[in-house]
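Given next, in structure tokens, is a single chain: the form predicted alone.
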């Protein structure tokens, strides 16, 4: 690798260039298109009361660890879906049913950094079944069911550090992928950081998704110790391949802003996963240590379980010729995006003035003719001039991410010059440029990374919002800006603040989800082990210092609503079944002194709160979700006696009283 280095400049030059870029970010240019709101903008985004938005937009929450759902074009926040972070509103990660979802090999981890939502696809089109999202910090991938808008599964990714190039799907959701951002020692062990080149490796993971959405690690691919940044899978003619950007091909481990910007070109790693399947079938994979948890929520029992898996199958390029190729691409690429035909692979080199499109056809030809520059740890490096399909010349500063419409056009974000550039796929001519406010990262077009983009709107996801909204102290929420792309010119319609830091978003027409939406959970299908499917099944049971309360809720009372005989030091499990069979009628439960969170129980569901009373007394509980005109009357009491007391365990509703 050292012989391969081509110095781009010293640290002073890089610092000066960075300063120029930052200045440019605050003074966006527009090349004649102001992008400002016009008189028609308000009517273009107006959704009348009682009417629905045309699209769902799913936005990553970044450091919030969650996913937020917006209606487009209105920009209305519809829901926040808890995924990797505890959420007191919905008791996610607090109630006994969902705690297992946050288990990892490091223990219970109630937070992560969620970057990239990705919709499931069938034949290259978004299908409205599932949404996947990555956990970047403790490597994980989650799957959200779009009939319930709830997280149904989280799988941990071993042998990785920083799960950034994730969880992009293949054309039929055969796989979602997870590439390590940080190379780490392989196997993980105590080594000197200065031994980076000798002991560190990069790992790319392919996660198999079955027909029910269940995820399991199919295989991992062991690669050189680069940083693997983003990914997208092929489609159409390139189906069977997945492409990952890499940077830090210098294999630096300190002062990365200088030392990882030396080479003129880094790489796109092209993985032939069809070939990988052949090698797996031929027994080429080695099972290596890779402890990880697979956490699944069961819709029947309304309960999550955790399964520990200890090994993973790993393929190495030296043992598997034709599995991986490196495509040289201009320096420090971020996004890698595949056009709807599957022919062009767009590499966005952050420190390049040009935007490079690699040709899949040319790539196959270069492979067939063995047109290699060199080989790195068993991976052939294809010749740059043999794989190029076209170049968009000097469209902006700091290209990051590209998506596509249904008319053969591409749209690329430029972080440093704070704009979005529209250009023609195949002719490489710039068609339009609009400013963003400010420092745009990713963009989203509904279906924009699929074979059949739905187009119409483009959303820019901006990092800086100073002067856009009323000030809220030293920090302001990030900004999403909605553009109309139905015509020749992009038109700014709306901007709205977002939850957390939305690194990326996915959009889909509402008709692909609405028909699948669950209204309630049929009570007769409830298989929770502590369910009470009617007030006649409510009871309280003691076993030593453990008490189980089988409770129900319905407008507008709990059963039972008075419980006595609980003692200081007991573990009290309150299992609340919501008996409602009506859409949008959840019930909540809060108990004074509970050291976790409320419950929020959907119609037909059962959820469990662990309450551990610390002192004697009589403590109220009540419904936290407004459910009827008598919501305030929906309450009860828990009597707590001293530990070891003779107070009998009894419960009641109205005049009726039960005693153990």
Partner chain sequence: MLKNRRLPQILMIVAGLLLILLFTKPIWRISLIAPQYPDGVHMYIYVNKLGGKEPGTLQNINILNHYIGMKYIVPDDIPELKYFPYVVGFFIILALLVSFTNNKYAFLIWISLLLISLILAMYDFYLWEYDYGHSLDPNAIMKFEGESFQPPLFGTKQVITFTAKSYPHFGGYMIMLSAFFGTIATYLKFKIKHEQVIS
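Given the structure is predicted, the values throughout are model-derived calculations rather than measurements. Positions refer to the first chain, counted from 1.
Another form, the form predicted together with the partner chain, is not on view; read the next lines as being about it.
The partner chain in the predicted bound form is approached by residue 628, whose closest heavy atom lies within 4.5 angstroms of it. At the 4.5 Å threshold, heavy atoms of residue 582 reach the partner chain in the predicted bound form. The closest heavy atom approach of residue 105 to the partner chain in the predicted bound form falls outside 4.5 Å.
In the predicted bound form, the partner chain sits beyond 4.5 Å of every heavy atom of residue 216.
Of the candidate stretches 42-50, 55-63, 628-636, 594-602, only 628-636 has residues with heavy atoms within 4.5 Å of the partner chain in the predicted bound form.
Taking 539, 555, 424, 542 one by one, only a single residue has any non-hydrogen atom within 4.5 Å of the partner chain in the predicted bound form, and it is 555. Note on the partner interface in the predicted bound form: the residue among 79, 452, 275, 519 having a heavy atom within 4.5 angstroms of the partner chain is 519.
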